[in-house]
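Quick heads-up: it's one chain on its own, the form predicted on its own, in structure tokens.
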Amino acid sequence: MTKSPFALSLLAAALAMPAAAETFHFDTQLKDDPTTLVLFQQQDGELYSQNTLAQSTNNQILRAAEAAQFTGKQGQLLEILAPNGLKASRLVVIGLGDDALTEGEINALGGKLADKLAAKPQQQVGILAQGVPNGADFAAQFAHGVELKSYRYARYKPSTSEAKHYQVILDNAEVANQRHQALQAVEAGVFMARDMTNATAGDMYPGSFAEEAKGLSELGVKVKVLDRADLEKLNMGALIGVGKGSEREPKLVVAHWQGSEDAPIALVGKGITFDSGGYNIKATGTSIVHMKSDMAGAATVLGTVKAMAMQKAPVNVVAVMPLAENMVSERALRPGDVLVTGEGKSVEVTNTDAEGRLILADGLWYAREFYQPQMIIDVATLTGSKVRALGREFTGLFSDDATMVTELTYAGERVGEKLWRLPLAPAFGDELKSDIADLKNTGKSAGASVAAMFLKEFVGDSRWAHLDIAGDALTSTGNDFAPKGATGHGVRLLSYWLTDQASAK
């Protein structure tokens, strides 16, 4: 099969470190005179690196802080132009608050600085981190936050952002540099997920997604692509059914990083590369414009595998990604049709716009059948009701496994991709009963919980958690970690959780 121009353009970049223009150097002293100097202050407490400044500079900071009512509250910024006693044209003091910071909170501080300097001309930035608690971890996470927020998607519109060059000054610079390199592997996964989700549906479809995944083989990832003939042999009628309305055939992509001999952890990602809604077409509002992002779950799990492979993480993780376009045509799935899944269960399709759970049913079965994982996590932009319940502040978490709930919730708190547990209950499952098939694909009440109960039908006895990232995969205004557009949401959460799993052994 001929690779698309889009796939070819990304294949080379897929193996590279993050494409952010920003560069970071960690050292014990400033080598160049910065145009911007950055310091940190504890709330109502110490201004770190104060003893490296001239008295006139310290006096000016005190006066400016008083005038601006700056106390060092977490996330507060104090800006001084043409500071006394410095060659720098700008001095920025960032508040750390009065409590220990999580990794995500430090990342968010880096994002604030990136936002502050985004429109400034090309410049050198000096960051004085001497004395900041847990200096090496802080410096690495702060740089990580700057890079995450500085990402720009420039395939269709070249970025006008100026490159920034950062010098981070602290005593244990070598340790900070090592930790930053590990975080850059996570960034590479985040940026891959963002690039794929930001791409138009005309460029990112099942075939080109598969080509992107194949690029990871150069990192030691085992990649397998199942085409329609393979799916038919496996009787994966749900995935075939959703994709049959499109000229672009459905596929199942598997990316396996075997960094340990443990039983694998399976990540199953929803990969609807465009969702018209099918015959239950998305005919109202503007939501259809964003339906190129309905493959964000698949992009997240693939990006996570890349992050693990780039840092040679000692984990055994396999990403299973069912991929299809949900289109309208004379061949398309019709409301009332019955599909038979790979597991053999029949499903009455009562709504063709509830297609994500159908392809996940075959993906979950495939992960169980061929990899016998110790646990499964699926990731999907699955339901609008999740957005109505939790907005964009939390990802919906569904699981009966208390340990997985605790561990995933903790990981989300640490990196700032927070989870909120929503209920699984037999009453929601009862809504899926059909008169003519084993299941229906929709119910009548709590949509997110009903969808989760549908997925539960296909996980068998596996330990399992479902992450509904609807509303989290895109941001219309930017957030603490990402500019406007695709967020790569879930890569940082899963990367933290996976490495935590490895370190616990």
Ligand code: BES
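Residue numbers run from 1 along the displayed sequence. What you see is a predicted model, and the numbers here were worked out from it, not measured in a lab.
There is another form of the same protein, the form predicted in complex with the named molecule; it is not shown, and what comes next is about it.
At a distance of at most 4.5 angstroms from the named molecule in the predicted complex, none of the three residues V340, K345 and K456 contributes a non-hydrogen atom. The stretch from 380 to 388, 200 to 208, 296 to 304, 220 to 228 that comes within 4.5 Å of the named molecule in the predicted complex, counting heavy atoms only, is 380 to 388. Put simply, I106 is far from the named molecule in the predicted complex: not one heavy atom of it is within 4.5 Å. When contacts are judged by a 4.5 Å heavy atom cut-off, A354 counts as touching the named molecule in the predicted complex.
In the predicted complex, H165 stays away from the named molecule, with no heavy atom inside 4.5 Å. Using a 4.5 Å cutoff between non-hydrogen atoms, K116 does not count as a contact of the named molecule in the predicted complex.
For the options Q42, T475, T442, T57, the residue carrying a heavy atom within 4.5 angstroms of the named molecule in the predicted complex is T442. Among the residues E417, E212, E187, D275, the one placing a heavy atom within 4.5 Å of the named molecule in the predicted complex is D275. Taking a 4.5 Å heavy atom cutoff to the named molecule in the predicted complex, the contacting residues in 268 to 303 are K270, D275, K282, M291, D294.
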